[in-house]
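This document starts with one chain, in the form predicted on its own, laid out as structure tokens.
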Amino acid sequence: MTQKNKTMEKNGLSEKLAALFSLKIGNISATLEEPGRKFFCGDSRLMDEDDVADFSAEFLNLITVLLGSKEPFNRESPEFHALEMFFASLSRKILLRGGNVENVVRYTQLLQHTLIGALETDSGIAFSQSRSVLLYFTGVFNELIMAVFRAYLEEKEQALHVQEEALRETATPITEIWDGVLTLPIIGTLDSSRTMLVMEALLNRIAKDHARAVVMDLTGVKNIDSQVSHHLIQIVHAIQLMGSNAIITGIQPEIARALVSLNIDLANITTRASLSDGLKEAFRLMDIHVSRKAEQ
């Protein structure tokens, strides 16, 4: 069969299917609601029956438009893109309501079989024995499943991005304890990526708040090596380059021993035993005097 004849056969097939959809759309839509109710209207209540009915009707409308278009077999056509976006939207809706991608994929697969069965019932033609019809709908639904997965991955990436932003906030809990005095408790390990994160956030706060002293508390750091100490010194030097005083507090005995064994020079760095002592030193450097209120 020539390419021209194949194209004519395809166009004839799509026209027949479009005509059948237009003629039997009410019956087919009602049949297609059953998979939706099965997957989304049970205990999970991801959709109500009106939602399922609206979705089924809209799906049939979109696929009828696709079949009646100039290029019903073109996966790049606007009509096919609209159908993909419709399923991507469904996927996002189900995910936001607490569903999972497996339900949407299984629903899409069942929708394909139900659609072919409904067409057979309303046309009297055994589409299950028609290679052309099966190939067409298999291709369409495979692409729709891919659209569902793409929407799922986009939602997961967005969720991960939100989580990363939240971690950024908790990883750098910088607090202005007094006008011009910032505190930064460091908990856990400083690796290269976290050092850059802490440094960027801290330098931005120094510039924003015109901070004159930064108290870095290491009480939550349980171990240190040469790389971690190097990152720590980097942060201190960056603070000093911004014109602020860097004060390190809460160095534990094991950390002090490790720093000595690593020959880390802290001669030009102010250290204090506790956060309280560090704040007192910051106040002293800024000529701020804090006194206990006399009892009446």
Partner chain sequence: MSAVKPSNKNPQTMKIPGLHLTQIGSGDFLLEPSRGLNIHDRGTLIRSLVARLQHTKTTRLYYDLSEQVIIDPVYYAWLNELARALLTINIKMICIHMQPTAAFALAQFTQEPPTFGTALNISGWRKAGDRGQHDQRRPG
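Just so we're on the same page, rigid core means the largest C-alpha set that superposes within 1.5 Å between forms. Residue numbers count along the first chain shown, from 1. Predicted model only: the values in this text are computed from it and were never measured.
Absent from the display: the form predicted in complex with its partner chain. The rest refers to it.
Residue contact with its partner chain in the predicted complex: N61 places no heavy atom within 4.5 Å of it.
Although the partner is absent from this view, N268 contacts its partner chain in the predicted complex, with a non-hydrogen atom inside 4.5 angstroms. Interface residue remark: S261 is not counted as part of the site for its partner chain in the predicted complex, having no heavy atom within 4.5 Å. In the predicted complex, none of the heavy atoms of A30 sits within 4.5 Å of a heavy atom of its partner chain. Within 4.5 Å of its partner chain in the predicted complex, a heavy atom is found for not a single one of R92, V101 and A147. Of the candidate stretches 250 to 258, 237 to 245, 66 to 74, 53 to 61, only 237 to 245 has residues whose heavy atoms lie within 4.5 Å of its partner chain in the predicted complex. Proximity to its partner chain in the predicted complex, defined as a heavy atom within 4.5 Å, singles out one entry of L135, M196, I187, L153, which is M196. The partner is absent here; in the predicted complex, the one residue of L111, L218, A211, I224 having a heavy atom within 4.5 Å of its partner chain is A211. Contacts between stretch 203 to 222 and its partner chain, counted in the predicted complex as any heavy atom lying within 4.5 Å, involve L203, N204, I206, A207, H210, A211, R212, listed in sequence order. Once both forms are overlaid on the rigid core, the distance between the two CA positions of L197 between this form and the one not shown is 2 angstroms or more.
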